[in-house]
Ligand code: PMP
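One chain is shown next in structure tokens, namely the form predicted on its own.
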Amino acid sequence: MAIYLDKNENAFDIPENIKYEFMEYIKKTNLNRYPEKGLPSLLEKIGDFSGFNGDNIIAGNGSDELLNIIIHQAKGNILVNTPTFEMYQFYANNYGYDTINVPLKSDFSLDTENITNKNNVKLIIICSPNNPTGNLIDRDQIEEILDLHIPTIIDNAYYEFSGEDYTDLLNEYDNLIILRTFSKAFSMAGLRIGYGIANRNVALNIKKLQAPFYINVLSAKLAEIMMEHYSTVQEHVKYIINERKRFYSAIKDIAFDSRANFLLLKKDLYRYMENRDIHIRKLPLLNDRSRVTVGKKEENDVAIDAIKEYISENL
């Protein structure tokens, strides 16, 4: 049977009891009606959940949609640090903007000196934990970048797996936007919903660029239900973190440590694993490396055995 460890999805589906609660909502909901304009209930609940006012929250069809809007709004050069999430460059290219790439250092830290010397930058995007490297970006380095007073996104999609919260920086920097998602820790990748936290005026300007009915009622309601069942989310996150540590310990000769729900491999094992019906991520910008998502124990066991076999044959 095929094992899918390629898209950084949560190993756990939404539990049956929560699905049942969701189905009861569907039975009572008039799906012929549009959602309430602006989804104030969802924004307020995300605000309460994250410790902010609803006015500080932006929601979207996945954090990808918010990236798209913010990059479009920047109207100019976007600075990124490769290797990182490829969609930043994808959206910039869609609008004809130049992407200024300041590669990460060999330890995957920011090259802050090089970043500060770049001119005509309209938006900086920092991914932390970074995809595909899995490391956290140092807070001091992030503050050094924020001190440039250039609009800056921290893509915090893997926040729950990291234990590192950057939201306190919003009290000091009105040029900061933090993006998060329900796709990873909340097991909702199939429903496409993400959110941002920002200064009230920044959030308001982004909301003005959104359509009146920008998220469907079902995705919005399930997000609310999952926040009410956050203890279940935490249980799943704890499991994945423990498995991540075990996975890394078993293959550390060929992997980098991680604070997300995946591991970056030091070799391109894509074809090797495909031949064993184990699907991992091929990295087009890193030809000599690959990425494996942390799954459930039984999935990880199969992947670990295959990688150990590779190590014994090739290293």
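Just so it is clear, the model here is predicted, and its values are computed rather than measured. Sequential numbering from 1, following the sequence displayed.
From this point on, the text means the form predicted together with this ligand, which you will not see here.
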Inset, instruction - Sort through 105-113, 227-235, 205-213, 83-91 and report the only stretch with a non-hydrogen atom within 4.5 Å of this ligand in the model of the complex. - result: 83-91
Inset, instruction - Could you confirm whether R244 comes within 4.5 Å of this ligand in the model of the complex, counting heavy atoms only? - result: no
Inset, instruction - Consider F161 of the chain shown here, and say whether it contacts this ligand in the model of the complex, taking contact as heavy atoms within 4.5 Å. - result: no
Inset, instruction - Give a yes/no on whether R192 approaches this ligand to within 4.5 Å in the model of the complex, heavy atoms considered. - result: yes
Legend entry - Close approach of S219 to this ligand in the model of the complex, 4.5 Å, heavy atom: no
Inset, instruction - Quick one: from D268, D64, E274, D55, grab the residue that has a heavy atom within 4.5 Å of this ligand in the model of the complex. - result: D64
Inset, instruction - Name the residue from T181, N135, S187, T152 that puts a heavy atom within 4.5 Å of this ligand in the model of the complex. - result: T181
Legend entry - Members of 112-134 lying within 4.5 angstroms of this ligand, judged by heavy atom, in the model of the complex: C127, N131
